[in-house]
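In the form predicted on its own, a lone chain appears below as structure tokens.
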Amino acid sequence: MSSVKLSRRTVVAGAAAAAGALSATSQASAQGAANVLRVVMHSDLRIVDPIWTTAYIVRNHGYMIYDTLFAMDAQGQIKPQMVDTFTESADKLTYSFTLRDGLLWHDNKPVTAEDCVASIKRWSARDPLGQTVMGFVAEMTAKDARTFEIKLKEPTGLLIFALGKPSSNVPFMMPKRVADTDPNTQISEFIGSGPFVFQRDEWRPGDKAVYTKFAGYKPRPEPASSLAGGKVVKVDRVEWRVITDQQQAVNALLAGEVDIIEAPSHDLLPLIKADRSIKIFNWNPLGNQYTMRFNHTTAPFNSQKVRQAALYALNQEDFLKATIGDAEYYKVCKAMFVCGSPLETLAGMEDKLESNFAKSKQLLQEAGYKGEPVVLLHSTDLQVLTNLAPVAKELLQKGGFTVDMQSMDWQTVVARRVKRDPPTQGGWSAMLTSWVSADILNPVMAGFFNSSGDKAAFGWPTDPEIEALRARFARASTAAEQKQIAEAVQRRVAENPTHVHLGQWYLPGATRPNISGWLAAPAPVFWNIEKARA
């Protein structure tokens, strides 16, 4: 949500501009081209602490240089990664973890249990799911160099899932001296135990970030599977090249000057597909989810029935058609916890999101709605968001609402959405954004379900029933129990909406024909990728 930074296609570049970009990328490296993977990421890398920020480009940087205790595989299961073995006591209160033998930091010093305890503490101070899990933890203790123990005050089924959380904030492991940094202060040393080494002296924000293969990395023996399994690096060097103009990036790919574009804009996919030598790959099969957030603290969305009316007035397909266009890259999905995930359910949503304008108007009348304008924030500079607000305006008006759509750039939306002023004094009623699906797989990790009033995310919903269900979910120890509670959460949110989910969408990457082995995962990762000589 806070990390939507996909580059906007500004203008179709002229030949001269494209040539400039190609010239820049052609200076990529003096090393052998076959061993250098050149990638255009969705954003420039300017912050490099993946615990301090949730920005997805920084999460991706984290997967390059850090490793995790557990990781999610292609089936959505959490598997040991840095952990060799772990045990759970019969009363489910004590977990013992033993690290794999031979794990090294990039300075070739061994990874220790103390490092991991310190890393968990720093991560859990910043991450909402980590904070929830730490509420169950009585103590964490390093028992010896490779073993640490976590004792709980009461059982929770979330501990292992949290340690294998796939997206921001990911619980990356760092040396204790780095992890002891105040969680609210950015780290200044960038050393991990992951498969790549960050070349800080070559990092130039606005130009490139460089990573080299870590010779001391010891992959797991299992085949790579999403973020889990053996992280076998098959190139010597990865360069993230900054090309902000999407047309120039595509030109560079077609000319062989770069090897991969992580997130080419949807409107350029036909151009890419027209070159049959270029491969399209949906590396994030879980995709993303559009969302409209209500401001619960001010009229008209401080009324439960008015929020219900919006749920009846809207439909998903109009948003998806207007923003993504090609049905190949979107999915109508009424499941709040993502279609294709273990907690997928239609509970409570069967008759919602069908643009039933008569029902919307009925609910507005029952609510005593007097035509108070919905101040709708409209982001204008991010292509994947720009068309959302106009669609919302049209559907809400058909459903009986008065709408005042106010246009601004995304950063202004981000600044304004945290204001609690009345809409007439710079506040807001509703805004639209997008989540990476891996961030919203259950009601504890998905931020918009937090209904704790002032402690909740912007919009500040208050609902003790939702909070009680979220607490029950955190205590649930079986998948069946979690599924049952997730259904109850969805029914309650359909009845007392905290937000509206507006469909799933996908954005594939594009590669040169000599690139193979790109793994499907919630984040783009660069182990397992091979580059044959063209």
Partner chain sequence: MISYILRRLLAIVPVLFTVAVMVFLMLRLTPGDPAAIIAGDNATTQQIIDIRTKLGLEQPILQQFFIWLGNIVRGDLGESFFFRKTVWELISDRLEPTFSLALLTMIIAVVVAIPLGVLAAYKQGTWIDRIVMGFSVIGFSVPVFVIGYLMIYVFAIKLGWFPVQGYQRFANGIGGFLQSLILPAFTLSVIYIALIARMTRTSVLEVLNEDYIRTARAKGQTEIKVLFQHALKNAAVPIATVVGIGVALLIGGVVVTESVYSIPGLGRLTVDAVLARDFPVIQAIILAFSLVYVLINLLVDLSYTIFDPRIRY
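Positions refer to the first chain, counted from 1. None of the values given here were measured: they were computed from a predicted structure.
The same protein has a further form, the form predicted together with its partner chain, not shown here; the description that follows concerns it.
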- request: Go through 489 to 497, 466 to 474, 37 to 45, 504 to 512 and give me the stretch that gets within 4.5 Å of its partner chain in the predicted complex, heavy atoms only.
  value: 37 to 45
- request: Consider residue 311 of the chain shown here, and say whether it contacts its partner chain in the predicted complex, taking contact as heavy atoms within 4.5 Å.
  value: no
- prompt: Taking the shortest heavy atom distance, is residue 257 within 4.5 Å of its partner chain in the predicted complex?
  reply: yes
query: Taking 4.5 angstroms as the cut-off for heavy atoms, does residue 370 touch its partner chain in the predicted complex?
result: no
- request: Mark residue 188 yes when one of its heavy atoms lies within 4.5 Å of a heavy atom of its partner chain in the predicted complex, and no otherwise.
  value: yes
- prompt: Can we say 195, 212 and 523 each have a non-hydrogen atom within 4.5 Å of its partner chain in the predicted complex?
  reply: no
task: Counting non-hydrogen atoms within 4.5 angstroms of its partner chain in the predicted complex, say which of 267, 328, 207, 351 makes the cut.
output: 207
message: If the cut-off is 4.5 angstroms on heavy atoms, which of these, 155, 128, 390, 340, is the one near its partner chain in the predicted complex?
response: 128
Any residue of 393 to 423 that, in the predicted complex, places a heavy atom within 4.5 Å of its partner chain: 409, 411, 412, 414, 415, 417, 418
